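Read the single chain below, which is given as structure tokens and is the form predicted on its own.
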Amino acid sequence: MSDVIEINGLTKRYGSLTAVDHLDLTIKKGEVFGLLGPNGAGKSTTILMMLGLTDPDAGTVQVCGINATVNPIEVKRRVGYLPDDVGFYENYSGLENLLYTARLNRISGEEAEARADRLLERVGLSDHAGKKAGKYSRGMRQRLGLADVLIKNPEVIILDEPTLGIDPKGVREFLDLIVQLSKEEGITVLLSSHHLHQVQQVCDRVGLFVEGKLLAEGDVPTLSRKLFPEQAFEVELGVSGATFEQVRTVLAPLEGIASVTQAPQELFHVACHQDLTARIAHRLVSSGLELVHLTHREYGLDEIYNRYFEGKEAYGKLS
């Protein structure tokens, strides 16, 4: 896959505040990338520079091979942007708002109507096409906003906290639609959010952003192995009638086990450097122990995020 977004040394200062600090990042075509960090981390400032809406103090940002600072209009033709609060003409219907955006993008009337109808169906608003946008719920407005950014057939869509204020069912539907767009149409998606679970659900890779710096980026298993090198995987075992010493002795020959600990009700936790689930199960069963329960898990974004933000000592040496 080719790189659609290339950011090198990107820096933005506001007086004594460095909002974005020498950011390096690449995002590939068709990828869903999550930019994750607390409010004030510099995510929105980075997006503004990617769209050519504010100039960097240093560094470059290329979107679809175009320098966003030098040619911001050309970038805007190829990128769709959905902010956290979408603005529409309240007295226009959903369909009329889409047709207006289409005209601004010089799309012919017949083609605009065809695209608008198709997109309203895609985002689940066909039955509300004639309803005034001012009467739309928060979730409906966000779905209309997604149709609005898609009407010009963008190569990239940037979503800045797109699920704020949407009910759980609406969030699921919205995120499912994002994944479909990426996988079926090859659209590159940058999702900026501080909702860990949502980001983990849909993103191929994530970047952890704080105080203007990208502390780490990668898929969740890669970040897990970097942050928890001694116990990137954990296996929970239920072994009927076994003692701690029996379980530890049986598993001792396996390389890659960091620790074995006992929990209540005949449960044992095995921390591993790598995924040893199958080998652990085989060792226990072949030794004659009665394995009644086995659960494998990797560390998720909750643990990764908390580890990075426990303190500067934790993330400083890992950035």
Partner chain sequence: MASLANKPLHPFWVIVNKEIRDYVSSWRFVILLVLILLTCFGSLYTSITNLGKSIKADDPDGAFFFLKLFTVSDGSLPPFHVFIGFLGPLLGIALGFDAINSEQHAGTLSRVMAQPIHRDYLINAKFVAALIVIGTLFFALGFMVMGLGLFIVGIPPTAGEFLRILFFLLLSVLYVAFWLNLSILFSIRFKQAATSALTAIAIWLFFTVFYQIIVNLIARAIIPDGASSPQQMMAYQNLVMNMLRIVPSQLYSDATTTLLMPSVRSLGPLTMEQVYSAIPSPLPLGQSLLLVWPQLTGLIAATVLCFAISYYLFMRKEIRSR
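On a predicted model such as this, the values are computed, not experimentally measured, just so you know. Residue numbers count along the first chain shown, from 1.
Note that the form predicted in complex with the partner chain isn't included here; everything after this is about it.
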| item | value |
| --- | --- |
| Contact assignment for the partner chain in the predicted bound form, among Arg248, Lys213, Lys76, His128, heavy atom within 4.5 Å | Lys76 |
| Candidate from Arg106, Lys183, Lys226, Lys169 lying within 4.5 Å of the partner chain in the predicted bound form - any heavy atom | Arg106 |
| Contact at Val179, Asp204 and Asp275 by the partner chain in the predicted bound form, all three, heavy atom at most 4.5 Å | no |
| Listed range touching the partner chain, judged in the predicted bound form by heavy atoms within 4.5 Å, from 169-177, 233-241, 213-221, 108-116 | 108-116 |
| Partner contact for Glu121 in the predicted bound form: the partner chain, 4.5 angstroms, heavy atom | no |
| Asp84: touches the partner chain in the predicted bound form, heavy atom cutoff 4.5 angstroms | yes |
| Touches the partner chain in the predicted bound form: Lys152 (any heavy atom, 4.5 Å) | yes |
| Asn97 within 4.5 Å of the partner chain in the predicted bound form, heavy atoms | yes |
| Any residue of 13-47 that, in the predicted bound form, places a heavy atom within 4.5 Å of the partner chain | Tyr14, Ser44, Thr45 |
